[in-house]
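Listed next as structure tokens is one chain, alone, in the form predicted on its own.
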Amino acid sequence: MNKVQIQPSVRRKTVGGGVPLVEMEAVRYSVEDQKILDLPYWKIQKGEHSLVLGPSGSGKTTLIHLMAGLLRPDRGRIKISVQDIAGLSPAAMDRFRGRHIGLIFQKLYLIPSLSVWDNLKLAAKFAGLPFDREWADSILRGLSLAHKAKSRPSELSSGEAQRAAIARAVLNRPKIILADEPTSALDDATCDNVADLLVEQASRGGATLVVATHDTRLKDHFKSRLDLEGS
């Protein structure tokens, strides 16, 4: 297992001032006493889109899961919108995640028995939020998916399914969108299209985007970058 190292040469440029949207301090995560992540300090300002770049096994997915509250650190603070999520109960974390965090994984986790439209409705229901039909329709139109609203995931192309996952992630107008390896299996043209869609949809909803990947093709899409290196 690998320890994360932050490279001083790529420490991030911040956008604006004030209270960071995301602030991680002295965060450590280990499994069976093997250190996987050791992050002294990292912050992201509101509206800033950031790339977390590193090789396989460098801790990228662990970092995303910690930010999403799917894992708890052994120590340290993880604040999102001034809320220290490490101190939330599992139920409170589920509510917070549903309302403030959008997630996109390499495996899309769309419910196969439901249409695209019903997958979106379920995302709102799980967050305890009303389903905004006009906003959902606007998202699907913006992603060129309106004609697939009644289709099930099995009836979508891989590109359409990925866009459906993006639609679900932005539906509840989250403060932050976390994407884990969203482009690693894509060709160059599709990779650029998905990266552009992620940035566009995050900006459209007023969300901050964090993409964790080993895909160096994404460097040009982000001004802010955190490099992780396995040792």
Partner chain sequence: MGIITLTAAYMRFRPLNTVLNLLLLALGIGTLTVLLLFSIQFEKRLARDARGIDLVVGAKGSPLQLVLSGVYHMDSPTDMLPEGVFEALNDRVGVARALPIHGGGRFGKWRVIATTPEYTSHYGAGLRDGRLWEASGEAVIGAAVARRTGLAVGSPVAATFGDKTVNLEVVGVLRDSGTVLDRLIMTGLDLRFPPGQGSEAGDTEEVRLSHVLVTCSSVQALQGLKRELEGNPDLTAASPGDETRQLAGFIGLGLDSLRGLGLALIFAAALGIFIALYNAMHERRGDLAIMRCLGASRINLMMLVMTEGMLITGMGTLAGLCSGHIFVEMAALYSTKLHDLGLSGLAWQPQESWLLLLALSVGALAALLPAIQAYRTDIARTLAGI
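Please read these numbers as outputs of a predicted model, since none were measured by experiment. Numbering follows the first chain given and starts at 1.
Unshown form predicted together with the partner chain; subsequent notes refer to it.
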property: Contact residue in the predicted complex, chosen from Ser138, Ser113, Ser144, Ser158 - any heavy atom within 4.5 Å of the partner chain; result: Ser113
property: 4.5 Å heavy atom contact, Ile85 to the partner chain in the predicted complex; result: no
property: Distance check, Lys79 to the partner chain in the predicted complex, heavy atom within 4.5 Å; result: no
property: 4.5 Å heavy atom contact, Gly98 to the partner chain in the predicted complex; result: yes
property: Non-hydrogen atom contact Leu70 with the partner chain in the predicted complex at 4.5 angstroms; result: yes
property: Complete contact of Arg163, Asp188 and His221 with the partner chain in the predicted complex (any heavy atom, 4.5 Å); result: no
property: Contact set, 111 to 146 vs the partner chain in the predicted complex - heavy atom within 4.5 angstroms; result: Ile111, Pro112, Ser113, Leu114, Asp118, Lys121, Leu122, Ala123, Lys125, Phe126, Ala127
